[in-house]
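Single chain ahead, written as structure tokens, the form predicted on its own.
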């Protein structure tokens, strides 16, 4: 892939994630607007002499507070994603990197009615491009989701492996949900990453080698 093609692929990924986040924020506003409308209705009813029902007011207020917390989490994730472009490479906490990729992929999983969750994670870090790492993990999750069905669960973890790291992707009752790196082969090669399947455990492994370890 040429440098220009790689740049465009990165921009398309940034745009896809940004569009997804904007949809999530729009949904948060919609729920808040609905709850505010209910409070207004209760107020009008009270002005007409009908008794206020505190539990209904409390429920509407709790809904607004819950959506504000949800919106705050979405904005924090988007902020972290935006700052992943600040440096070409740096020491990256891979557990935090995986958590961010999972958070940014949750809406895509929800649309497929697949539960996406973090599994066992061991502390591990390595020098990498934060943006490319997020893109690699997001692409891996998307490829795994394509092989799952509504009602399935995708569990992702990470552990140190040979100076690098291994990300595990599994779905209870299913074979390894990620069979190869075909959907993101160019990016995988650029990051010294490869995919394998442990047939005994039915777990897919995304191995990320430490830079220079294959030389």
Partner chain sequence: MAEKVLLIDDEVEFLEALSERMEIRGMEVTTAESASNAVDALGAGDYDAIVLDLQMPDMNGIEMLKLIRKSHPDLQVILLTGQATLEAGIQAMKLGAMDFMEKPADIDALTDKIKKAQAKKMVIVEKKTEKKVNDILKSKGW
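Because the structure is predicted, anything quoted here is derived from the model rather than measured. Residue numbers count along the first chain shown, from 1.
Form predicted together with its partner chain: not shown, discussed below.
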Stretch from 172-180, 159-167, 186-194, 24-32 whose residues place a heavy atom within 4.5 Å of its partner chain in the predicted complex: 24-32
The single option of 110, 72, 86, 122 touching its partner chain in the predicted complex, heavy atom within 4.5 Å: 110
Partner contact for residue 67 in the predicted complex: its partner chain, 4.5 angstroms, heavy atom: yes
Contact flag, residue 37 vs its partner chain in the predicted complex, heavy atom cut 4.5 Å: yes
Its partner chain contact in the predicted complex: residue 55, any heavy atom under 4.5 Å: no
Heavy atom of residue 153 within 4.5 Å of its partner chain in the predicted complex: no
Sequence-ordered list of residues in 165-183 near its partner chain in the predicted complex, where near means a heavy atom within 4.5 Å: none
